[in-house]
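Structure 1 and structure 2 below are two forms of the same protein chain, each written out on its own as structure tokens.
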Structure 1
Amino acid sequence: MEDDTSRSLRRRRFLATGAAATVGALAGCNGLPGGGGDGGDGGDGTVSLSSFRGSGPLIENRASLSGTRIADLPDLSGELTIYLGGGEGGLYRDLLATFSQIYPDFTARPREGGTAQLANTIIEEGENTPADVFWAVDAGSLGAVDEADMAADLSSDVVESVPEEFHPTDRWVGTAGRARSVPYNTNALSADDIPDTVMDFPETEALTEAMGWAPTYGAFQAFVTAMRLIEGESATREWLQAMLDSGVTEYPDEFLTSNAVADGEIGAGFANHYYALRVRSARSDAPLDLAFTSGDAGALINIAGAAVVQGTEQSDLAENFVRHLLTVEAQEFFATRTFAYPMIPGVPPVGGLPTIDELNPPSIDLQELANVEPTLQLMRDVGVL
């Protein structure tokens, strides 16, 4: 029944009103046939899905879920130092706390910082790094650590449940996705005002003096890197210049960009998809919707992912931990609490988002997003940075 609703969505647009998109879903179908343990935290090692699931208007009527469950995995036991990059760190801490509740012998020592900053830290630390696991919110940071030979090989059973584009090497694996999107103010613009391709934005009259972006924000730079890889340097340079000429407004980050769209300060912006969901979750009456472009840099899906750090003395525990991040329970946590795209096909995203296979991301190697230097050079040349 959920499938009906998603089919009725236009491919590149959706309404962030979760209720409308999930009308057809049956209450109570979140039980897993044969999975067991939905009833509660039994002392018999079964784990309640509800302790991983978020709540609120966007998270009603979840579909049935499938995939590896925590009960299928060996216990976590021991102490892990986890370098936890980026803004989701605070929320990821809750997942770590839940793991510690399930496994009293497991202690996670999270260390937070900016994702790239922690990647830089691991690279500077070299073989003396105290980190066992690097859990980052962007593929470029994982790629940088990988290229510095600081990521260990993961067993194939760890990575095989995740589509290949979300683990281009076997030294890190995606744990949750974020899609590039165009949040727009429904009072100022209609869905038809947003072009299908991001390259058309500067020439679109409705968007003149109406767009916002956050060029110092990592996700935006990853997007420009993707554009550079797909369209080439000079087209990207022209696009940036044209956007500047069309009077784009700059924000420090994409949450503020999305908020400014909801406030009507700008008509539309470039931002990761979950920021709009967050704004909606806090202000359900916000005149805010999302549009997606198709097959180009504007439709990039970047990922949060994890790597076992090279040289750790805890490699078995670290790998088992990464396995746990790809269980149904953890994936449901990412979907319903951080509004991210789950990485395993058996867990759908929330809020009436098109499923990951309904989006049309460009085909590029995410690891190449680590090569931001030429992007920054380009952005500096044009005067965007």
Structure 2
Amino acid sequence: MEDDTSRSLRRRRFLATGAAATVGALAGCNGLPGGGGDGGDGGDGTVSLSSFRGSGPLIENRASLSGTRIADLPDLSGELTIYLGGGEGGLYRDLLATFSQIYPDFTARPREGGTAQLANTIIEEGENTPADVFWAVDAGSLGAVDEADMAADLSSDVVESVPEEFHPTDRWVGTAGRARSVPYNTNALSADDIPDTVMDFPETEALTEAMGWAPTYGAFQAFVTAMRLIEGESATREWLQAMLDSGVTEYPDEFLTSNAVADGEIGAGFANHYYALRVRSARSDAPLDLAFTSGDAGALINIAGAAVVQGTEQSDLAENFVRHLLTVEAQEFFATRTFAYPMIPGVPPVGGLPTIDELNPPSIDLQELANVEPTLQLMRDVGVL
């Protein structure tokens, strides 16, 4: 087993801290603004970071944070219609409520739905769309709105604090990240059993009849789309077939996949990183750890992000709202309540995760992940779907 100093960041263990946050923290029911009666105000006119931060052992001993603070920005004032695609089970609505409590003159009117559905709605509505902001948990949907010329240019100060790969154009910007990972059962496997490249998985003896996946899940399909773009259709088809031949087990979603790993039903799986954290939040003694591949589709980092909708009459307010999503306070909200990767370097992830610049994602235009139909057809052809 690798130790902390020698292990590769590409296959880094990080869950051994065993820290457990409560499920309640994930549900956003702890420390919400107003719960302590401060409405997000520190009492001296400043905004309290505690109003945004989650709770639980994973959240303890946070390092010093740096970056733009809410106090550095103009007040939010007015009404915004926000098309909210996804939203982490309502947590994004909680953040909107926080902003409304801090700024009594600010009203957010979210319209919630699936990310692709809302992207298509904006495109179909065109110049008549009531949306001022599109905030989505999927880069492909943001890319689709951008490619339809329905996203406005953002100012450089809005995007420059976020690594360039997470705003491939300046018409939308990442707000939180999720990394592909390999949760594995530490009673069955060690980090050394997990290959550095996902293409080697079918040929790895230790993983034969030990892997699980969730092919109907959008995150998995984005991963296969990335593989198709990087490795080509033929190699992706062969990989999918080889995984079937190796006895991979199918699950409905990646949370259940991660739970199955923790239960020992399978040795390892494919899942976004935060599902393992959520399992460990509820089961601190689960024999569950994470590994990361390097530079390939298995190391993909997908993001939630925001765009100002072209033609909005609230462009200044909308852009200021996006600025607020990239403040220290909002980034701490994403890190400690959803276990997502913060997008600004001054806010570290929770749970001992490698920082986002320590991972090695593939060089890929995230907007291309919107082209999922060839992926679905390929998966149907192989019999994965």
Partner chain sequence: MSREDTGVRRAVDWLRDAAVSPTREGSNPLVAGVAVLVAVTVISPLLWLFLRAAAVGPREALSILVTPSTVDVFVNSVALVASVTGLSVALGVPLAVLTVLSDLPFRRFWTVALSLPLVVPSYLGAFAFVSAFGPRGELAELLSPLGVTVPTVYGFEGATLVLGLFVYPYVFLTTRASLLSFDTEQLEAAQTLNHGFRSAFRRVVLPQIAPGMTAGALLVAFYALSDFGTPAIMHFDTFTRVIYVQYNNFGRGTASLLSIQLLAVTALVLFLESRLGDAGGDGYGGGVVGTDSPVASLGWAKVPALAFCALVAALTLVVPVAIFGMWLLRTGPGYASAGIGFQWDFAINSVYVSVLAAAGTVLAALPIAYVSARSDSRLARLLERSTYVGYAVPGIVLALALVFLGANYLPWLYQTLPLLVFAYVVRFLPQAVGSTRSSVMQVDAKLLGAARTLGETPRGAFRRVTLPLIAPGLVAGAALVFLTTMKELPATLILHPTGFTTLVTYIWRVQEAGYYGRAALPALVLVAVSALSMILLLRQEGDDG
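Structure 1's sequence is the ruler for residue numbers, which start at 1. Bear in mind the structure is a predicted one, so any value in this text is a computation, not a measurement. Whichever C-alpha set is largest while still superposing within 1.5 Å between the two forms counts as the rigid core.
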Legend entry - Label of the structure corresponding to the form predicted in complex with its partner chain: 1
Inset, instruction - Determine, after fitting the two forms on their core, whether residue 256 shows a C-alpha shift of 2 Å or more between structures 1 and 2. - result: no
Legend entry - Rigid core superposition, residue 278 Cα moves 2 angstroms or more between structures 1 and 2: no
Inset, instruction - Would you tell me if residue 116 moves between structures 1 and 2 by 2 Å or more at its C-alpha, with the rigid core held superposed? - result: yes
Inset, instruction - Can you read me the CA shift for residue 132 between structures 1 and 2, rigid core superposed, in Å? - result: 2.5
